[in-house]
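Single chain ahead, by itself, as structure tokens, in the form predicted alone.
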């Protein structure tokens, strides 16, 4: 789940990271008021969940409150990578002497967090690593042993930073690692971290991604920052369809039937079982199908929860059929899912036999589930049919109907 810049900075503030004066504006008048309160030249930045704001013209500078109001009016209509902002961050403009990069992310190969530091901030860290590898350090962090500032000092010093700058940068890098670990993040990034003309350091821009599974753990924090429970964010704001998916999952504590992502295909997916969701989504695409959505179902959801997820998927315009597929499961009752998806079809005014292209959920209470599907004329298969083959059967059903 991705945070907006102002939300990332609100999280940074809790850890004592150095921030400039700022305020969030939703109108030109608010931008004028915030700029007047700051009492200095300001920078206004569109609040979207993707990069490329500067190139799109969605970052502007203003020397006076009236100029800030005009800049707000100019920024708000600008679309950045398909996203239109609802708010603009108004922040004190800082006289920069040098820019740095500090980031913490997850190293999938080492299975550990990694602290990345560079004394060349303000540009993509990938570009710096490729063209100036000696200006980038990578320091892995243990998830078992307590983190110590010594590791942060080694990371900063590895790029050649010494003296007072090393001593001032170390606690900032250490604080970012603490933020990453404390709040179950997958990314905590400051770019750039600026050293000002007077020697102070200020976070000019920040990015945060949180594990989706950690939302419940940090519910209070997210509420205080202003992130609503139904907001399922990635690299863009959630669609209405995705918000409704989160509401389906939140309405019943039993099992999982959520993590819905909207796509523009014609085959609705009710899929799950650990990594099975990703495997099945990819299998549909490899077979030439066009998924209408991604989702996750499992953990023994109730009949009603499976029903509501099915109804949601079928409510999406353009969905012609659905595929209900999971890997081999032990804690999800096949008969309950079967009842739920059949019920969802019926309540949507759809014939289950014509709507469910394939049902593949091998697991507990399998025979009972298959009896239900047979009663309604739904094609099903057991574990002898691979997930890839089941995806192919679903895509073939659509193709036979004259669609691709």
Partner chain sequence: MAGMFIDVKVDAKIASDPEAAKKLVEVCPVSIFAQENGGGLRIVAENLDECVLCDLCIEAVAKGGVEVIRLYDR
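If you superpose the two forms and keep the largest set of C-alpha atoms that fall within 1.5 Å, you have the rigid core. Residue numbers count along the first chain shown, from 1. The structure displayed is predicted, hence computed values, not measured ones.
This next part talks about the form predicted together with its partner chain, which is not shown.
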Non-hydrogen atom contact residue 139 with its partner chain in the predicted bound form at 4.5 angstroms: no
Residue 33 within 4.5 Å of its partner chain in the predicted bound form, heavy atoms: no
Touches its partner chain in the predicted bound form: residue 55 (any heavy atom, 4.5 Å): no
4.5 angstroms heavy atom contact with its partner chain in the predicted bound form for residue 346: yes
Per-stretch contact check against its partner chain in the predicted bound form, the hit in 34-42, 66-74, 338-346, 354-362 (non-hydrogen atom, 4.5 angstroms): 338-346
Heavy atom within 4.5 Å of its partner chain in the predicted bound form - the one residue of 311, 333, 321, 244 that qualifies: 333
Residue (of 94, 87, 304, 81) lying close to its partner chain in the predicted bound form, criterion heavy atoms within 4.5 Å: 304
Full three-residue contact with its partner chain in the predicted bound form, heavy atom 4.5 Å, for 21, 218 and 220: no
Stretch 361-377: residues contacting its partner chain in the predicted bound form, 4.5 Å heavy atom cut-off: 365, 368, 371, 372, 375, 376
Yes/no, residue 255 Cα shift of 2 Å or more between the shown form and the other one with rigid core fixed: yes
Rigid core fit then residue 346 CA moved by 2 Å or more between the shown form and the other one: yes
Large Cα shift (2 Å or above) at residue 368 between the shown form and the other one, core-fitted: yes
